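Single chain ahead, written as structure tokens, the form predicted alone.
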């Protein structure tokens, strides 16, 4: 069996190359149906429906962004209403110092909501994707260089509960995968 990386390092997983985008799509469906949970596909371009073929669920990022925006709105409301209505109620040009002053605070509330939503989206995306990761073990495989040109790859991680070298290799061979390789961390 081919090996990529240092065999003295921990095993990252098993990777294989498939001949086309449609073969990768069908391989993803079969890997999903086989019950694997820690695996990924790599292709030179997006493949329509791949998220469905992989069985990916809706991301939690939208909930995080909503919470970030709500936090921004709450902070802005507190920073504007508390000083102007409770701490330092100043009557300027006969304007009220109660809840009716809210139109003056709309720009502040809007801007802080957008700002915290944007920061939450950026840092939440990085956290949910496990980034920054300076080097991925799959880059140790020389053949993987083709992924930016014309290669279609599937990798199953060794941390997957169903991962077994022989069974996983047999399943990948049954999918028509070529160049099946064990990939090590270093």
Partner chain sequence: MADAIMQSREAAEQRITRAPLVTNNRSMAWITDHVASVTEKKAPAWWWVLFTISSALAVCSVLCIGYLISTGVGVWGLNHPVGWAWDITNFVFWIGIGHAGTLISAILFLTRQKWRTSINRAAEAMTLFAVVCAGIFPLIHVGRIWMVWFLAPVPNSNAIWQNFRSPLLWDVFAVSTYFTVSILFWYTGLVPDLATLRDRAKTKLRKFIYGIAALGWRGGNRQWKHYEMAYLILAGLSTPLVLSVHSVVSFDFATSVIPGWHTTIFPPYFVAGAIFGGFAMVLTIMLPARAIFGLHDLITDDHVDKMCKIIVLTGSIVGYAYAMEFFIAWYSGNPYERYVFVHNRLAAPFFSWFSWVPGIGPQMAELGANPAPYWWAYWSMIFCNVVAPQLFWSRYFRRHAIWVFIICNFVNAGMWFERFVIIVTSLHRDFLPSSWNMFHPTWVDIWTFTGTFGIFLALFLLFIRWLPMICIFEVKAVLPEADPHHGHDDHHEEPAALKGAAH
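Quantities reported herein were computed from a predicted structural model and do not represent experimental measurements. Numbering follows the first chain given and starts at 1.
The next section is about a form of this same protein that is not shown, the form predicted together with its partner chain.
Chemist: In the predicted bound form, does residue 46 come within 4.5 Å of its partner chain, counting heavy atoms only?
Modeler: Looking in the predicted bound form, residue contacts with its partner chain include residue 46, since a heavy atom lies within 4.5 Å.
Chemist: With a 4.5 Å heavy atom cut-off, would you call residue 74 a contact of its partner chain in the predicted bound form?
Modeler: Taking the distances in the predicted bound form, the answer for residue 74 is no, it never comes within 4.5 Å of its partner chain.
Chemist: Please determine whether residue 117 contacts its partner chain in the predicted bound form, using a 4.5 Å cut-off between heavy atoms.
Modeler: Yes - in the predicted bound form, heavy atoms of residue 117 and its partner chain come within 4.5 Å of each other.
Chemist: Taking its partner chain as it sits in the predicted bound form, is residue 11 in contact with it (heavy atom to heavy atom, 4.5 Å or less)?
Modeler: Result no; residue 11 lies far from its partner chain in the predicted bound form.
Chemist: Could you pull out the residues of 19-51 that have any heavy atom within 4.5 Å of its partner chain in the predicted bound form?
Modeler: Contacts from 19-51: 21, 22, 25, 26, 37, 39, 40, 41, 42, 43, 44, 45, 46, 47, 48, 50, 51.
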